[in-house]
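Read the single chain below, which is given as structure tokens and is the form predicted alone.
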Amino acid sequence: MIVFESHSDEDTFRFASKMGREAVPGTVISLTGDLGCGKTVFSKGFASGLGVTEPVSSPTFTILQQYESGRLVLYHFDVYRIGDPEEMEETGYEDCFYGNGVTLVEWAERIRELLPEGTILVRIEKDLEKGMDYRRITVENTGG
């Protein structure tokens, strides 16, 4: 388990970018945290680390955004609007989770039972006592 303390969006971006540079084909990352905690900043940094050149935004209304400009294809899910894991069938998620790209899933706790073994769990938490911009980022590799 890795715990990273971020004091700015730039810190979060750099940390996530390093993870993106180290990502290998088949990597699935579960990204959880409250609204406004920095999941999208993390996603942008991760994409940057993969070498994605197009603008990255949270795919809240489309559920899945695919980026092909990096060294690996990035499948970026935002499952906030998924009410039931069965709704994921329409997205073709299995091809993403078990393919040769890298998958990043925001609000992954909503589809926990669909995540493959070996998913990397990333949790972002605020702590207002440590400042408005402080984030505690916990990374846990579940093996697999």
Partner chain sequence: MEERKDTLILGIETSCDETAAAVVKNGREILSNVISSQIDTHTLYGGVVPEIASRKHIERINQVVREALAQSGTELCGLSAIGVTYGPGLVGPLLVGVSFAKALSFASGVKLVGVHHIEGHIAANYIEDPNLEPPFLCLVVSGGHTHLVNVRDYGEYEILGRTMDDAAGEAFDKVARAIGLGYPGGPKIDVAAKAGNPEAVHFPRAKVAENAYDFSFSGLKSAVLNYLNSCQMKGEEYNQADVAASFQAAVVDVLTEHSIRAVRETGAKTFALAGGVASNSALRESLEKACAGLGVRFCVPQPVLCTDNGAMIAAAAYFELQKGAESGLDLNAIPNLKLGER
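Residue numbers count along the first chain shown, from 1. As the structure is a prediction and not an experimental result, all values here were calculated from the model.
Below: the form predicted together with its partner chain, not depicted.
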Heavy atoms within 4.5 Å of its partner chain in the model of the complex: does Leu114 have any?
no
Wondering, does Ser58 line up within 4.5 Å of its partner chain in the model of the complex on heavy atoms?
yes
Does Gly83 make contact with its partner chain in the model of the complex, using a 4.5 Å heavy atom cut-off?
yes
Any chance Gly118 has a heavy atom within 4.5 Å of its partner chain in the model of the complex?
no
Those residues of 82 to 98 with a non-hydrogen atom no more than 4.5 Å from its partner chain in the model of the complex are Ile82, Gly83, Glu87, Glu90, Thr91, Gly92
